[in-house]
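Okay, here we've got a single chain as structure tokens, the form predicted on its own, with questions on binding and movement later.
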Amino acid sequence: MTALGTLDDLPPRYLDALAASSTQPLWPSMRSILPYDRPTNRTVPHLWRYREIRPLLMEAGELTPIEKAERRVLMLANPGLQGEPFATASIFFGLQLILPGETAPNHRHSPSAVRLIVEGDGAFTTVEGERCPMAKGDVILTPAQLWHEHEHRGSGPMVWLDALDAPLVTKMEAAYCIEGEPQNAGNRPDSSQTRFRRAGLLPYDRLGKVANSYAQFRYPWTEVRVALADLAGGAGPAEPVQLAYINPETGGSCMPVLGFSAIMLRPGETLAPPRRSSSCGFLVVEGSGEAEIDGKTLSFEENDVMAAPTHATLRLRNGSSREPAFLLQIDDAPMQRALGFYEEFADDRAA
């Protein structure tokens, strides 16, 4: 491999002329922009332990009223990103708290957001007039530029994990938000309870029509959990039990930048997926175990959140020999597929 020239090889007068013309030579920084074999990761494998963060989140509820917060969120900042409030270079994670009687006001914004419910009941998110109840494990979409608000009519705290493509939208200098009037949604059931109740079935009037960009906003965990158990019942011992969240009208990913899926780790199971070019994160819905990410072992339990960089070698272990464990996976594979550089390295699994 030929060694590339450095800035020290260039005369000062030439460097001054480059600076005066707002230009820079590529070759001295070529390997930092295009490293060989694998990207240079600033993102590091990391776990945020919910039982440690929850007291801080509850204290935030005491210190800051919703009127002063708009969205009361503790952002999960990956230590490798040197102060940037992101979980990976392309994924934002934040734990959001809403208390009984509170409303997080109606707004819309350019980043897309997805809510993964951690604890509580009696709250709902309204998206474009569709009222979506929130229960543990549910996944609720609030796509880019769609109006959404949150309201809590139950008792006890309501907490969810926000997952956004904000790092990308911010880097593009395209992130902004607009306030709106309350939506005042009624009690009509959302589309997960009516139009898209069963997989493989579509409202007849949608046949042959141009698919709605976001046909379904809510994916109830109670149904996803049953579907995972049914899939496990027909899967071989070496087959992973994982279901993707999709747009029911297109069969494609439910969101354009971030992908979402649910994983069941059977009792005693170790899952070693192929190494992938996408970064990812996990929310533990049920159970406990270990994640090995690029050789770093992280012990996880219910409600913990984890992050893995691009091209990471990954292995997930269920810590119980009797009970399954369930995780929600978030990744940036849809964006990488759309841009044409998503890869899987099937022969490079965790040893």
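If you're wondering where the values come from, they're calculated on a predicted model, not measured in any experiment. For every residue, the number given is its place in the sequence shown, counted from 1.
If you look for the form predicted in complex with 2,5-dihydroxybenzoic acid, you will not find it shown, but the lines that follow are about it.
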TODO: Would you mind picking the one in S253, N78, Q96, S278 that has a heavy atom within 4.5 Å of 2,5-dihydroxybenzoic acid in the predicted complex?
DONE: Q96
- [ ] Just give me the single entry in I263, A135, V73, L202 that has a non-hydrogen atom within 4.5 angstroms of 2,5-dihydroxybenzoic acid in the predicted complex.
- [x] V73
Task: V257, R337 and Y342 each touching 2,5-dihydroxybenzoic acid in the predicted complex (heavy atom, 4.5 Å) - done: no
Open item on the list: Given the stretches 104-112, 236-244, 264-272, 78-86, which is the single one in contact with 2,5-dihydroxybenzoic acid in the predicted complex, using a heavy atom cutoff of 4.5 Å?
Closed with: 104-112
Open item on the list: When the contact criterion is heavy atoms within 4.5 Å, does F92 count as touching 2,5-dihydroxybenzoic acid in the predicted complex?
Closed with: yes
Open item on the list: How about L164 - does it come within 4.5 Å of 2,5-dihydroxybenzoic acid in the predicted complex, if we only consider non-hydrogen atoms?
Closed with: yes
Open item on the list: So, R218 and 2,5-dihydroxybenzoic acid: in the predicted complex, are they within 4.5 Å at any heavy atom pair?
Closed with: no
Open item on the list: Check H150 for me: does it contact 2,5-dihydroxybenzoic acid in the predicted complex (non-hydrogen atoms, 4.5 angstroms)?
Closed with: yes
